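One chain comes next, on its own, written as structure tokens: the form predicted on its own.
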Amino acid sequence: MAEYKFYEQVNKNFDKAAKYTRFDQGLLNQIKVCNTIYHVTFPIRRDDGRIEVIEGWRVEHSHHKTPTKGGIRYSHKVDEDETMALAALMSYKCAIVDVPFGGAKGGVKISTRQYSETEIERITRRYTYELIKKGFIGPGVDVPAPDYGTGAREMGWILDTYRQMHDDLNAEASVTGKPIQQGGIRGRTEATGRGVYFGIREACAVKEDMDELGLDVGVEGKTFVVQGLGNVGYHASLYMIEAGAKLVGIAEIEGGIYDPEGIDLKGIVEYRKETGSIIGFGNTKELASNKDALELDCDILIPAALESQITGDNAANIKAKIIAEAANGPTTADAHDILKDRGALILPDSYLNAGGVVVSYFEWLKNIQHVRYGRINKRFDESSLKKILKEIENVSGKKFTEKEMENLSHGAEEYDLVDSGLEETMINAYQQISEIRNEHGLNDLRTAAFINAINKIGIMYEQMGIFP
């Protein structure tokens, strides 16, 4: 089996797209390279008194815009190559969805299952301290967020540690994905999965593409398989099912299952909590391995786990007509070419899973502005809508019930505004990518997305006057 270097895979996609841009090779090299790499080791005391040395990284890929932005990953697979690749993807992702950040990423090399909550807290706080010492965190410098293996809890610890060391009015903006009580934003937890759904919905609305795939327009009625039932995979599946799609297969670390009649998503989540496994749920059939789930017969495959899951070794066996990359880098460059050559529509990670950073941007803005979305205008909007409805009653003679009046005059709250902003962003970004694909006569949304990102970042560098 071939060994894939993640950063090399990202750069292959970059180079393929760079040929369609007008920039000098020197500037392209500057866009591609990671600007700053920080590798840190530090000791922590385990609950049993042992001292253990922990290894971590923070990579700032591009400073064409600041602050830089990117999640922190806790995994035993974390290394410098992976962190560099993810930081680079963040730069391109932010550009594609017009979020004014440079790309960054962090990682700590631990398997969270092997540590207690108190040990994870010590690791998080010490890692944050190391970032603060070297100037790798701050509202206008570098803003972390959750990633694989981390969540709101860890982000809350990061904020608390930052506040202990900085008397900063904008301290809450030093990290996103926080608990609501610490300045987080409603809708952040489901943002990436929600964005995945919006992206799939946009792709499925293009009649020409669906005709070419032999599929009907729209999400409704389509079958899909998801790899990874974590936060992203679960929420992407939830919104797909609500739109009328059918979940027929799941791949998880403990194995894969299949049921052509459909799998109850909430039921299997509860079952897994109780048993620790998806195997044996309902009428599902157990597959020989979790990788076999990727090769199931379905309309849409949603890899929502880790990188390099679809490779040159298994790409020819993938039957899905749409590959929706909810994870970062799930498809290697050679696998991409195999899938594309046989006519699959690949929705690239650099676009499709950008929902997280979009809503992180909204949270960062909220923290900088020190006001909750909807607080100023919600009551005013409701009052204005009620006046309009009363006037309609007077003119038409129709009387609205109390429930109808309440529903029709509902003012937008924070979640409503965040969801609306995310939807608008994903729609606009898909339209931009589609236009570039058509402009260059490409049958490849990934290359179109990279062209879009390179053009936006390249223009920023030119305006900064770094290159004469």
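All residue numbers refer to positions in the sequence shown, first residue = 1. Computed from a prediction, not measured in an experiment: that's the story for all the values here.
One more form of this protein should be noted, the form predicted in complex with a small molecule, which is absent from this view; the next part is about it.
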item: Contact of D147 with the small molecule in the predicted bound form (heavy atom, 4.5 Å); value: yes
item: Any non-hydrogen atom of V357 within 4.5 angstroms of the small molecule in the predicted bound form; value: yes
item: is_contact(V196, the small molecule) in the predicted bound form, heavy atom dist at most 4.5 Å; value: no
item: H64, heavy atom within 4.5 angstroms of the small molecule in the predicted bound form; value: no
item: Segment assignment from 66-74, 436-444, 25-33, 42-50: heavy atom within 4.5 Å of the small molecule in the predicted bound form; value: 66-74
item: In the predicted bound form, the one of T128, N367, N328, Q309 near the small molecule [non-hydrogen atom within 4.5 angstroms]; value: N328
item: Contact assignment for the small molecule in the predicted bound form, among N353, Q227, T332, S237, heavy atom within 4.5 Å; value: N353
